[in-house]
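One chain comes next, on its own, written out as structure tokens in the form predicted on its own.
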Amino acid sequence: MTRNSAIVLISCLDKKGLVNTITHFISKYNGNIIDLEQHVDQHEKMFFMRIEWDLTNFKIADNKIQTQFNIEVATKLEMQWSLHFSTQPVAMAIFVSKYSHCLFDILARYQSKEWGFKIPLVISNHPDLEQAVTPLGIDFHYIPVDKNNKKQAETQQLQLLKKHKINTIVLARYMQILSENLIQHFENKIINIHHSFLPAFPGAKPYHNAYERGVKIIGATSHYVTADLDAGPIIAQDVEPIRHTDTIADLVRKGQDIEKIVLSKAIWSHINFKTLVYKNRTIVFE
């Protein structure tokens, strides 16, 4: 059953009465709270909250909630906050190169309607995966990128993202570095999957390097993209045990499996508005 709910993500300096003030606003207008999680960072003295409430009998129209909450709650308490609606699914663009495993996993979840999100657009710097995408009714655009045409390519990408009203980008093993200009258009809305348990084993052949090092675990890291390469706020990480009997092919297989799992966890948290970025860290609500 599809929820008709509002979700608010909040961060502000911690002080007494915050939870009471926020929940009172919702109950005052006949909202029924269906999920609430809050956290206080004792070191930073910061308060973080995710709260969701049913809108079925809520007395404020959807298009007026932003203004009313700002007047009655957010401005007075000097909050950084954002409002989201469960009935407005995230519109996601996927950037991909030749590696297909993460793309195929996302497309399978899209086809099964496991996730409530839209994929209007896939952009690739190689034409190889077009036939996996277009039969699903998704626009596929092949935009080659090199050091000589990077600016023009990103201009074309931004035009497509605007045309399709994209609000989230997933780099499903897109083997290109995004410019600061593109990143600024989608702050904390570009999700990358990195083929290692950061910061170990960067580069083009991480599993070969891990094999040579004789590691006992390999991992994957999904994070928001910032201008500082592979140093953005981490959303999800996981590891997989390695045995001395594992070959390079085994490491690649295990590594690609864990990349899919970690990326899917990060996407799930993001599209359900369960992530909140503070400085270069994330608060990931359950």
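Throughout, we count residues from 1 along the sequence that is shown. All of these numbers come straight from a predicted model, not from anything done at the bench. Heads up, when I say rigid core I mean the largest set of C-alphas that superpose within 1.5 Å between the two forms.
Same protein, other form: the form predicted in complex with a further copy of the same chain, not shown, and the subject of what follows.
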Contact check in the model of the complex: F69, E154 and K163 versus a further copy of the same chain, with a cutoff of 4.5 Å between any heavy atoms. Do all three pass? no
*asked:* Whether G214 contacts a further copy of the same chain in the model of the complex should be assessed with a 4.5 Å heavy atom distance threshold; does it?
replied: yes
Applying a 4.5 Å heavy atom distance criterion, does T23 contact a further copy of the same chain in the model of the complex?
yes
* To do: State yes or no: in the model of the complex, is some non-hydrogen atom of V239 no more than 4.5 angstroms from a non-hydrogen atom of a further copy of the same chain?
  => yes
Does at least one non-hydrogen atom of A61 fall within 4.5 angstroms of a further copy of the same chain in the model of the complex? no
Partner contact check in the model of the complex: of 97-105, 116-124, 181-189, 141-149, the stretch with a heavy atom within 4.5 Å of a further copy of the same chain is 97-105
Those residues of 3-20 with a non-hydrogen atom no more than 4.5 Å from a further copy of the same chain in the model of the complex are K16, G17, V19, N20
Flag for Q42, CA shift 2 Å or larger between this form and the one not shown after aligning core: no
- prompt: Any chance the CA of T247 moves 2 angstroms or more between this form and the one not shown, core superposed?
  reply: yes
